[in-house]
Structures are given as C-alpha cells and as structure tokens.
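Just one chain follows, in the form predicted alone, and it is written as structure tokens.
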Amino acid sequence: MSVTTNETPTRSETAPPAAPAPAQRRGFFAAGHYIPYALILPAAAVLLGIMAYPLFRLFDLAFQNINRYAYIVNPSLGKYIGFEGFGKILGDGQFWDVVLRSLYFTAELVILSMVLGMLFALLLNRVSNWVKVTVITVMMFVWAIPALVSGTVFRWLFASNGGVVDYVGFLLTGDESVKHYDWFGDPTVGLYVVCAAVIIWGALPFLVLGLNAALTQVPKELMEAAKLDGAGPLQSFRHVVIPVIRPFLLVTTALSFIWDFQVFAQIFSIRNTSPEDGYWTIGIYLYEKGIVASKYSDSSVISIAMILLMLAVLVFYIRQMLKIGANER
C-alpha cells in the first residue's frame, strides 16, 4: 500500500549543498585592489628620487640672488630675497612678449602637426602594403635625424644665397628677386614659417605612425553600420572615428603641446646658435638668461613660470583623461 502526499519538495531540499564560500583574503593584497599600486611604486620611487633634488634646487635658487657666476663660486655672497626675483621677471615686458610668442607659436605647431598627421595617417590607411612599408621606413629615418641636424639642413634649404627653396621659387615665378629672398630677415616669417616647417617635419613621423595605428582600432562593423545609415565620409569620421580614437588624440595633443612649447634645438640651429630677439620663445629665452647671461636665479624663476604655464594649459587634458577613465570603469 502506497502513501501519497500533496507536499512538493522545496528547492532547498532538492539542491545539492552549497559549496563553502572561499576564504576572503585579508591584508595589503586583499581582492587585488592594491596590486597596481604596489607594481607602480618602484617606478614612482625612482622618479621621485631623480626629480626631488633638482626641483628643490630650482625653487631654492628662485628665492635667492644668484645672478652672477661669482655667487656660484662663493655661495656666501648669496642671500634669500623672497619674491623679489619673481617680481623682477614678471614685471619685465620682454618676458610677457616671449610668453605670448611662445603660445602663438605652440598653437600653430600643434594645430598644423595634428591636422597634417591625421591627413597623412588617413592616406596611409588606404594605400597598398608595399607603399605603406616604404613610407613608414622613410619616416623612421626622418625620426632618427637629430633636431640640430634638421635645423641646419633647413637653414641651408632656405638660405638667401644658394638656397634650394629660393631657386625653386625663381624657376616657378621667373622673378629674379625671389632667387635671393631672405627668409630670416623678418623674424615673423623666419619663426612662423621656416622654424615651424622644420619642427612639424620632425614631429610628423610619430604622429602619422601613431594615428595610423589608432585608425586600425576603429571597428569595421561600426563603419559599415554608419554607411548603411546613410552617413557620408565626413559624418562617419566625425561621429565614429573621432570618438573611438579620442583618447589617443588627447594624449598626442598634450605631448605635442609639451614638446612644442619648450622647443629649442631647431630654432637654435636654424639661427646658427645666435637667435635674435624676435626668435626668442620660452626655451630660447631661458637659455639666454640662464646660460649666456649666467643669471641663475632669474632662469629659475622663468623655469617655474614655464612649468606653471604648461600645467595651466594641461588642466583641460587632465580633466578629459579623468572623465574617460571614470566612464570606462
């Protein structure tokens, strides 16, 4: 005789016993949250060890009156003068002329180099493999040339006597005056045309190769979807390509600004180691005050102002990077 019942077994009665929860790790490496900090700690310690003393000496000199070589030889002559050195530099009109010139020059270099780099990268992304390999090989050679050598070559190219650029201009126009045009007579032309050309020429290999690599990361499915939705090439580039490569664009723009704002070697070599006042950007101005005039405290103040200006401009970049990092979490 069998016995039936209406009671149905519950899940807890039929399911196998739950496995015991793994023991929770405790301590510094709990859940792996602190492992990245532990891995980056040696690099941070080395960086701090290398930078700490130079930065201390930079600020220490900025508050002293060490503006003569004799004061370096005999430190007892030096004394702390507070913010007097800052007032002297910040009250100098030439300093602000140099700052404005540097900002204009940097803006020109960053905008032109990024636009040209993107155009070349887009072209490189559409050519055959052998053309791409050839172009990349040539760019690697360009990248390997020292900045002083590049500046010297461009000085010869734009020379008023025997320069290749003037001769080509003469062949194209037939105007005899073009054959001996002095590109460096007007600092505005010399700086914003010739110096800008050599700096952009040297920066293009890194930008083109980097942007070309970033473009290969754009999913083809997104481009096909945009095309099916009726988007044109410009709309696809604006609404698909730019958002995907935006982090790389921010990084390269910030790096270009840092490199271009403190550029020195190309201008120094183009003007044959003696840049005139009209060619003084912040890097040249710092060299003239610190090395040529041996005004060490003044150059320390200029260096601090230069660092603060760069940080002020890079605030936008840092905020954008923090937003991207927060969105990816």
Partner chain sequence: MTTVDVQTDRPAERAAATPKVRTKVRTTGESRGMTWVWNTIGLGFAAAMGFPIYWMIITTFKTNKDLISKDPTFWPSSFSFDSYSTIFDDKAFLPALQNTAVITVGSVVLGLVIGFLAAVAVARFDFRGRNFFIVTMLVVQMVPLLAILIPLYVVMNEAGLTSSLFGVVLAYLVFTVPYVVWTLRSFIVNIPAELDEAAMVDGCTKWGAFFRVILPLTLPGLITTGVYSWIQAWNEFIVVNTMLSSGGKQTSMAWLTFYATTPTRGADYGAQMAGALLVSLPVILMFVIFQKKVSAGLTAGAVKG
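Not measured: the values here are computed from a predicted model. Just so we're on the same page, rigid core means the largest C-alpha set that superposes within 1.5 Å between forms. Residue numbers count along the first chain shown, from 1.
The next section is about a form of this same protein that is not shown, the form predicted in complex with the partner chain.
- Annotated contact segment (heavy atom within 4.5 Å of the partner chain in the predicted complex): 131 to 139, selected among 185 to 193, 131 to 139, 105 to 113, 86 to 94.
- Shown alone here, A62 lies farther than 4.5 Å from the partner chain in the predicted complex, counting heavy atoms only.
- Looking at Y296, you'd find a heavy atom of it within 4.5 angstroms of the partner chain in the predicted complex.
- Using a 4.5 angstroms threshold between heavy atoms, Y279 stays clear of the partner chain in the predicted complex.
- Using a 4.5 angstroms threshold between heavy atoms, T253 stays clear of the partner chain in the predicted complex.
- V168 is the sole member of L77, V168, I242, L100 with a non-hydrogen atom within 4.5 Å of the partner chain in the predicted complex.
- Scanning 266 to 291 for heavy atoms within 4.5 Å of the partner chain in the predicted complex gives F268, N272, T273, G283, L286, Y287, G290, I291 in sequence order.
- Taking the rigid core as fixed, one finds a CA shift for L48 of 2 Å or more between the shown form and the other one.
- Core-aligned CA deviation for A38 between the shown form and the other one: 2 Å or greater.
- A movement of the C-alpha atom of S128 reaching 2 angstroms or beyond is seen between the shown form and the other one when the two forms are aligned on their rigid core.
- The gap between the Cα atoms of G290 and V46 is smaller in the predicted complex, by no less than 3 Å, than in this form.
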